[in-house]
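The chain below stands alone and is given in structure tokens; this is the form predicted alone.
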């Protein structure tokens, strides 16, 4: 069975004849789809499974999105927000990472694909109407932006939408090497292909189903050669054996495949989680060492590394990156102004390199 390894496809009655549904049926011809009146009526069936999260990752549900497609990243009061906008075209991710917040965040564990693309286009235009500030949007919060691309070609659809809307910059963020469709497209100045990266040790132990680091960076090299801009996200940064050496080597590897002028931005985010996720990780990833550190409950109700360890992580990565690319925009994800000042000596508003990120 090819990855993603779906075993069930559910299709809402009103979505049967949509282009995305037809692509999905062609992509997985060995699965007889189940046509249903209401997708929500089938959500709770997964709760009967021994591992509902894993069962959800094997179920593809197609139907119209009844809510908003676009929302501003909610951020958290007291933390610095980078003004990212999120497009919810796909909800749920076939990749199975131990630290993934979606294991507890999404009540519907299936991989849900919205089929009403025309409504997405209308909503994008409504959000952009009348504004002048640049907008940065992405599809990588509730899923992996390229995980279904070989079968469904979602990247080309989104790129075609944003190519003619230069005020917005679209980032497609992935842990895969699924770039074949992108190599057949003309690059655009307002499209960025981003990779979440980590050390080989963490990828091997805690990112089931993701491409290894070598393949991700090989894909990034091809993308750069083709003329696209790229981005990299060290999130989550995880304390583990020989992490300093490991992350420095990842930085070296990044700039061996992508010259600084082709890197749109790099983000740093330390491992953090809601307390309820702790037992989920222990149950689903009993061999993972990701919880074997000292954590404290912070005001945003997230467990985080104690401050000295967090600062050491950020400063180590910041120094390694700045040594290679001093002008590349570099920012922290979901941290307060005190941490910003301790790591960078000031706030993001005072860094001219971050204008395109923070607006």
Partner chain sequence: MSPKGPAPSSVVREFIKDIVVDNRFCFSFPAETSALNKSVASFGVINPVWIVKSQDNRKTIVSGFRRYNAARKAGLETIPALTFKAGREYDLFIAHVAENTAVRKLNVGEISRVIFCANEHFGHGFEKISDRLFDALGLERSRKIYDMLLAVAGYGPAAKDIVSAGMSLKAAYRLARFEPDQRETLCKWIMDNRYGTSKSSLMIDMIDDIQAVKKKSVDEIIADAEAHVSPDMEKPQRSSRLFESVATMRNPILARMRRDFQTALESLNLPPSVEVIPPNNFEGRHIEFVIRARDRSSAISSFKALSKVAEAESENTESSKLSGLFGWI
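Positions refer to the first chain, counted from 1. Everything quoted here is computed from the prediction, not taken from an experiment.
One more form of this protein exists, namely the form predicted in complex with its partner chain; it is left out here, but the text below deals with it.
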Note to self: Given that its partner chain is not shown alongside this chain, does residue 294 nevertheless sit within 4.5 Å of it in the predicted complex, heavy atom to heavy atom?
What the structure shows: yes
Checklist line | Any non-hydrogen atom of residue 16 within 4.5 angstroms of its partner chain in the predicted complex | finding: no
Margin query: So, residue 306 and its partner chain: in the predicted complex, are they within 4.5 Å at any heavy atom pair?
Written below: yes
Notebook entry, point to check: Does the 4.5 Å heavy atom contact test between residue 326 and its partner chain in the predicted complex come out positive?
Noted result: no
Next item on the list: Among 63-71, 330-338, 317-325, 28-36, mark the stretch whose residues have heavy atoms within 4.5 Å of its partner chain in the predicted complex.
Entry: 330-338
Checklist line | Contact residue in the predicted complex, from 107, 133, 279, 184 (heavy atom within 4.5 Å of its partner chain) | finding: 279
